[in-house]
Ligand SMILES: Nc1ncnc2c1ncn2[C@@H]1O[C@H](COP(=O)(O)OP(=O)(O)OP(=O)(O)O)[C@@H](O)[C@H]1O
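One chain comes next, on its own, written out as structure tokens in the form predicted on its own.
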């Protein structure tokens, strides 16, 4: 009997973090900076390294969902927005998750698709009686999923509204959680309009910190679609981002065709071009935020 027990040990449950999954949001009020491509690529890199990762398309435009080859959730169907508003009578949020296939991240990466009615979320949150504190709506909806994943990665809308407030609040440093475990990554371009947009995001973050008495870690910038051949504007802007120092520049993602091709064929970047420079930049970001 002893020999059999030694050879067939009782399976031990996986240890769970007190605070649940690490929560990384990708945000910038300015559109067109590559939040979708960077958040998707970093989620793939995290999953590739063995972390169970959930990627959430929280942008009403649904670009990520479509780029990964999945349809948006129909208006009349259960969705993340409806769960946030208490409008789902039957079914769990996990029923909406779809696995992302391909590459070395397979079986470790899932997507929560966007819904066609997500553009109504801000207006509905403003009048909802279901959520007493508006900023907590996303956290309450995602709470049942947290212990199923190591990382939850959120592609945020290019907005300063209620939905962005819920995302920023979601990535706050929770009680008992180490600093810089969760937080926000800010994709930017090497030009002035990105700096103006960051100033607006920074104000929103600081307002939440003061109003809610919370800590929010800015994990770093990702300078996306960088091309030094664009001259002084690009190179001087990059230097300006690097001089900020804190938060740091996590990576510089070059302007190359690989990401555009992956979008065109509706494939994850790390499956379509796993050894390209952009894919390596995603792995660098993943290492820096998970270390």
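Just so you know, these numbers come straight off a predicted model, no measurement behind them. Positions refer to the first chain, counted from 1.
There is another form of the same protein, the form predicted in complex with the ligand; it is not shown, and what comes next is about it.
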Exercise for the section: Flag residue 63 as yes or no: does it have a non-hydrogen atom within 4.5 angstroms of any non-hydrogen atom of the ligand in the predicted bound form? Expected result: yes
Handout entry: is_contact(residue 263, the ligand) in the predicted bound form, heavy atom dist at most 4.5 Å
Key = yes
Exercise for the section: Consider residue 102 of the chain shown here, and say whether it contacts the ligand in the predicted bound form, taking contact as heavy atoms within 4.5 Å. Expected result: no
Exercise for the section: Report whether the minimum heavy atom distance between residue 253 and the ligand in the predicted bound form is within 4.5 Å. Expected result: yes
Practice task
Go through 78, 158, 161, 86 and name the one with a heavy atom inside 4.5 Å of the ligand in the predicted bound form.
Solution key: 158
Completion exercise
Of 122 to 130, 140 to 148, 217 to 225, 169 to 177, the segment with heavy atoms within 4.5 Å of the ligand in the predicted bound form is residues 217 to 225
Exercise for the section: At a 4.5 angstroms cut-off on non-hydrogen atoms, which residues of 35 to 59 are near the ligand in the predicted bound form? List them in order. Expected result: 35, 36, 37, 59
